[in-house]
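Quick setup: the structure tokens below cover two forms of a single protein chain, split into structure 1 and structure 2.
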Structure 1
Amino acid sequence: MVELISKVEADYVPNLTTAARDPDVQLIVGVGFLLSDALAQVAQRFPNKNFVGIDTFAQSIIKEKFPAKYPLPNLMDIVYEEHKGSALVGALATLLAAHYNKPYIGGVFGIEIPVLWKFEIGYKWGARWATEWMFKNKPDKAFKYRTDFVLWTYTGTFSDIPKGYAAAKAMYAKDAVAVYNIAGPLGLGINQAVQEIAKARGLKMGPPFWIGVDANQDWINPGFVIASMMKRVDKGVYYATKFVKDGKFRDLVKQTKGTLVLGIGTKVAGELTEGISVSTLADLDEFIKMGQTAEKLTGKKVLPAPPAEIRAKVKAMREAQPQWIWAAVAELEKKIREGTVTVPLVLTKPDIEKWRKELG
């Protein structure tokens, strides 16, 4: 495998071209939306090479600019069902609130754009689902969903960590049991807010908790990150590689119109191809191994503690929560997978306004 890191946007086309010119390269993966235009351009110039974009919309560009070529047979966009994973962690946080008798759960968001609406409404919908689940299954803990139950803040940034800290601090001050990070690196600000509370109260584990996003972030502060909503970009790359190796890539482009959706219970050509999940201990092991490899490669310390200690703390934290909470989350996941419940997918302004009226 070769990796070409783009320093500026002007590098995209040359980097993709360099990769495509290598006679041994059969699959070129472009990671990130910014590569959409370049992928659409270079994939047309190299019809014998296979191109994949993660979170891209390259086929939409082909459809708009070159409709006769749509879908381009050697190009696949891979996108994710973030709303479903957010529903699961929304339910988890709500059940924890019920268990610890806390009044709120929280969410710290980045810039208010449609992709984040998927997270927001998914999270709130999962919270409401959990309150309804408790009335049926855990009446002693049940409470009615309130539109002010989920505290949420759009910080307007994906890079200003202190803004994440300030938003989370305000939520924990209101006694929120857990805060969901939907702003990438701002999670470090949320973590800082949790660490301050933990230090002041001498806590070894939450509550308060926070919830990680995208990667498994449970290792960042073991005992205080209750789980992570994982969006497995690595799995997307794995599936694409497998399709090319199996000689199915171009057939699948034809079948899917060049857009592969990875989520919970998603299938391609009858095979389960998932990319969204709530983190488990097994996932943690995998990410700890990645951290160890990174330490070997870079010579820099990555993990906050020895692997065994991280694992023990996360395991103890999870086991300290009642089993019915994890069972309820597993039940919701099963229902999503089976299609017996539908998590709303919100992408437009009228939709977000409608759902905010309903869920807060």
Structure 2
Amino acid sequence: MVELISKVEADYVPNLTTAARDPDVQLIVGVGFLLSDALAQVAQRFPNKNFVGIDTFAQSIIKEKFPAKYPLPNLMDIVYEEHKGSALVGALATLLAAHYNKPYIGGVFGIEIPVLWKFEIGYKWGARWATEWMFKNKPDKAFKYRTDFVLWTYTGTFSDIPKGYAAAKAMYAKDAVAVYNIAGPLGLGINQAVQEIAKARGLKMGPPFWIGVDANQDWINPGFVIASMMKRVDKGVYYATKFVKDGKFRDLVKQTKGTLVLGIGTKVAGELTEGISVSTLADLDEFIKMGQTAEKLTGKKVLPAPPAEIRAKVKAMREAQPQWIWAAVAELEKKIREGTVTVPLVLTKPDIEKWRKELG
């Protein structure tokens, strides 16, 4: 595997081109929404190489600018059902707010792009679903959903950690029970805000909580990260590589019009190809092992505590929450999987305006 890092947008096309020119490379992977245009350009110039974009819309660019070539046979966009995973953690946060009698839940976002609208509305929709579930199943804890119940801020960055800290600190100051990290590294800023509160109050576990994103972030501050909305980019790369290796890549591009969706209960060619879930203790074990491997390779400390201690703290935190909370989240996942509820998929300006009017 060859890794090329783009420091600025101007590096995208040259880096993809360098990878495509390597005679040993069969699959070129571009990760991130911003690589869409570069992938559409370079994939046309190298028809014998296979290209995959994670979170990209390169085939949409082909459809718009080069309709005769659509779908480009050597290009695949892999996208995720983040709205469904976000609905699950939105429900989880809301049920925790009810249990601890807290007035708000929060969300710290990165740059405002359509991919993040999926997270935003999914999270808010899940919150409202949970309030409705409680009226039917836990009336003593029930409250009516309000359009100001979810506190949310777009920070305009995926790298400025102090902005994540400032946004989260304001939410915890209003007594939000949990804040969802939808801004990658800014989760470290959210964590800092939680650590300050925990230290001041002498807390061993939340609330306050925060919710991880993409990877399993539960290990970062065990006892205070209630769960993570896992979006398995690694699985997307794995599936794409397997398709190339098995000689199925181009057939699947044709079959899916070049866009593969990984989510909850999603299938490709009759086989489960999922990529979205709420973190489990098994996921935690997997990420702890990654941390241990990183420590061996770099000689630097990665994990905040010994593996057994991390696992014990996360397990104790989860078990400290009432069982009805986890049962409700499991029920929502089952309904999503069965298709008996539909989480809105928001990708356009009119849709985001409509749903913000409804959900806040």
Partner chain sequence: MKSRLWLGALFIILAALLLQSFPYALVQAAPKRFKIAVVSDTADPEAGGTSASTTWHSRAVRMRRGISASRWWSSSARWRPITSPT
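Whichever C-alpha set is largest while still superposing within 1.5 Å between the two forms counts as the rigid core. For numbering, take structure 1's sequence and count from 1. The shown structure was predicted, so the numbers you read here are calculated from the model rather than taken from an experiment.
Name the structure that is the form predicted together with its partner chain; the other one isn't.
Answer is structure 1, the other one does not fit.
Is residue 229 part of the same rigid unit as residue 295 when the chain is modelled as two bodies moving between structures 1 and 2?
Looking at the motion between structures 1 and 2, one finds that residue 229 and residue 295 are grouped in the same rigid part.
Treating the chain as two rigid parts, what rotation angle in degrees relates the smaller part to the larger between structures 1 and 2?
Rigid-part rotation, C-alpha based: 14 degrees.
Could you tell me how many Å the Cα atom of residue 240 shifts between structures 1 and 2 when the rigid core is held superposed?
Residue shift at the C-alpha: 3.2 Å.
For residue 25, tell me the Cα shift between structures 1 and 2 once the rigid core is superposed, in Å to one decimal.
Reported C-alpha shift between structures 1 and 2: 6.3 Å at residue 25.
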